[in-house]
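Below you will find one chain, with nothing else, as structure tokens; this is the form predicted alone, and questions on how it binds or moves follow later.
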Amino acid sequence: MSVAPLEALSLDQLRRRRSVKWRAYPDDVLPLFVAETDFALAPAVEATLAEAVALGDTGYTPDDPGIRDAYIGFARRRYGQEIDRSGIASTGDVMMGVVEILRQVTSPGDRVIITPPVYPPFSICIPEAGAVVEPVPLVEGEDGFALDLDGIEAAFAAGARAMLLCNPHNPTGTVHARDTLARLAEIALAHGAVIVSDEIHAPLARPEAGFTPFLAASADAARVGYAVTSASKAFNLAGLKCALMLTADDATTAVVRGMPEEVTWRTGLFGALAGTAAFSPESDPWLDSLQAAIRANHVLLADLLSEHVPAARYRIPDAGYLAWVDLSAKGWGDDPATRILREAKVALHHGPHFGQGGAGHVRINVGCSAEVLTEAVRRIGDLG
């Protein structure tokens, strides 16, 4: 049964927002850079937050505001994953969770693998934890991007102690196959290494893509893995500050439980309440409609680029509302987003910020209306 896509809010409504997407640039710029979306909140989330405001429910976050059970149900419904309540702890956001886990599982100077082109904060949070970034770029083939398992194994053999996995991958939207993740876990276990999986984009994986949570990929993955996730990307809740750290083994669970108490105290109450509503069955139809809107916009983007920017290279991703577009053939330099912002008044994310493989690329957020996306690509095309 087909699902009707969500309708985005109007530009007049969106420009009343005070988040970074709508305050970073003047009103003549179309903002398609940061990972915020242009839709109204899921009704269950809106109702939960409205009730909390009406009650003045703005105090400290309790140990368990309900989000553990909500996420257990969500993971079971959406991924077929079974999670024990003891393996769930909360913190302020995904990158905060990543840093705190890395602090526990690495020593100062240890090398941590990343797979560029990848989410720019990965290269910031690893040094914050006292470790050193070890790039092992993705490999690109006819079927898309994939992990370089041989390169990762060589890095572990040379002494890397951990890997920060992006699953699904940002910016390429790659959903790593179960057998790939199982092999990655086998490699990590053989070298006494740890995998920390950022799964914030998982709720936006297309069902047919077959998303596999890392901890569910194999028994080895459960032993070597940690996952961090949140409702914030799919449900546009980044400002409310709540993420979940997940484990599936007694030893890894003990590591998270041994963190300083302040790590979980950083969880925002509104984030926990909103996340609980987002992960509830009541929000599933909204999420399905969001996925339909995103899918339609990815197809639209492919058509628009073909018409207005035919030199662009773009593959519709398996997950998320972020599009990774190669504009190298345009001859606009390593960072085409700079010219596009200056001359077309469209703000895109800068490809070089994603590391190796990012030169000549831009990241486009398609979590907007078809009208905004169409105008943005038309402006880019007018640059010649």
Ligand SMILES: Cc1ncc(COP(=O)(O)O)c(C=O)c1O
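Owing to the predicted nature of the structure, the values given are computational and were not obtained by experimental measurement. So that there is no doubt, residue numbering starts at 1 and follows the sequence shown.
Just so you know, the form predicted together with the named molecule exists too; it's not on screen, but the next bit is about it.
- Annotated contacts: 126, 161 and 197 are all free of the named molecule in the predicted complex [non-hydrogen atom within 4.5 angstroms].
- Note that among 70 to 78, 256 to 264, 162 to 170, 189 to 197, the stretch whose heavy atoms approach the named molecule to within 4.5 Å in the predicted complex is 162 to 170.
- In the predicted complex, the named molecule sits within 4.5 Å of a heavy atom belonging to residue 95.
- Put simply, residue 341 is far from the named molecule in the predicted complex: not one heavy atom of it is within 4.5 Å.
- Using a 4.5 angstroms threshold between heavy atoms, residue 35 counts as touching the named molecule in the predicted complex.
- Using a 4.5 Å cutoff between non-hydrogen atoms, residue 90 does not count as a contact of the named molecule in the predicted complex.
- Though the named molecule is absent from this view, in the predicted complex it lies within 4.5 Å of a heavy atom of just one residue from 252, 276, 174, 232, which is 232.
- Comment: the named molecule is not present in this chain, but in the predicted complex one of 211, 156, 214, 119 has a heavy atom within 4.5 Å of it, namely 119.
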